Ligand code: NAP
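One chain comes next, on its own, written out as C-alpha cells in the form predicted alone.
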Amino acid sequence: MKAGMIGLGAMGAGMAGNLAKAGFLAAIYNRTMEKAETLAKELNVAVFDRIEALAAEVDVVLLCVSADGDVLAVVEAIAQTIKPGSIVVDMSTVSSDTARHAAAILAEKRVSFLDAPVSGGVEGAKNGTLAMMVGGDEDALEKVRPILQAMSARIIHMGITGSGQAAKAVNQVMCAGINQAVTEALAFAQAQQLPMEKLIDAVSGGAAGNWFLQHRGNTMTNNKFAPGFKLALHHKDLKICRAMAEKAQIPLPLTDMTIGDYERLITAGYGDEDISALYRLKKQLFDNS
C-alpha cells in the first residue's frame, strides 16, 4: 500500500521519516512548500503542491494538522479525488464531532476514515514510539496496521468513529493535571533549596515518578523550555476538552485552571515553548511568598 502524508510540523515530519524508513511513504504535502520540498529530497519521495493531487496517487492518506477547521478543509480536498476503497487516517487532535463529520464526508466516496490521535510528543514521533488511540472501522484499522506500526509502539482500537479523539481528550486532561502537579512540586522543591538533580532522580524512582518528571524535570528547573509539546497546542486541545465536557455537562476544574494559566503564558509570549513553561508561573508563587 502506498501512503501519503499531509502536514509536516514537528510531529508530522518525524512520522513521515519513519514511514519512509519502513518503505511505505510515497508522497508528502505541506502548506509551506519549501519545507515539503526539503523533506521530500531527504526522504526520496514525491512532493505535491495540491492535496487533491496527492490523494489521487495513494491508497492511504495520513494527516496531522493543527485544528478542527484544518482537518475538515483537508478532508474536503481529499474527497475530490481519492479512490473508492482508500483509507484516510487522521492523527490530528480535534473533537469527536469533527471526526464524525470527516468520516461522513468520506463515506460518500466509499472511503474509510480512522480518527487516530497520538501521544508521545516530538520524541515519540521521531523514534516511532507513539501511542495511537483509534476510532473507526476495525477492519480498516487492520488493513493499515503495518503502516501505523512504523510510527507507533502501541495501537489501541477504542471503538466507533470519534472514540479515538475522546480517548485523546482524556489524555490531554491528564497531561494538564500532571503538568500542574510536577511544576508546582518542583518549584516547591527549589524553594526548599534542595539539590534538584538528586531530588528528581529520587522522586522519579518512587510512587510519584512519571514520564513528564523524568523527561522535563531537569530542563524546566534549568529554565529550558524547548518543545516538546508546544504550550499553545495543549491550550487548543484543552479548549476542545472543555467544549466536550460542557456538552456532556461535566465540570473540569483542573482543565479550566490550566487553560487560564496557559493564557497568561501565551499573552507573555511563551506559547511556542514546551508545556513545562508552566513552571514559570509556579516559581513566581514561591518567589513572591
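Keep in mind that this is a model prediction, so the values were computed, not measured. Throughout, we count residues from 1 along the sequence that is shown.
There is another form of this protein, the form predicted in complex with the named molecule, and it is not shown here; the text below is about that form.
Mapping the unseen interface onto this chain, Asn222 falls outside it, with no heavy atom inside 4.5 Å of the named molecule in the model of the complex. The named molecule is not drawn, but in the model of the complex it has a heavy atom within 4.5 Å of Leu8. Contact check for Asn44: every heavy atom lies farther than 4.5 Å from the named molecule in the model of the complex.
For Ile87, no non-hydrogen atom is located within 4.5 Å of the named molecule in the model of the complex, even though that partner is not displayed. From the list 242 to 250, 255 to 263, 53 to 61, 229 to 237, the contact stretch for the named molecule in the model of the complex under a 4.5 Å heavy atom rule is 229 to 237. Of the listed positions (Met151, Ala102, Val118, Ala169), a single one reaches within 4.5 angstroms of the named molecule by any non-hydrogen atom in the model of the complex, namely Val118.
Counting a residue when any of its non-hydrogen atoms is within 4.5 Å of the named molecule in the model of the complex, the hits in 92 to 131 run Ser92, Thr93, Val118, Gly121, Val122.
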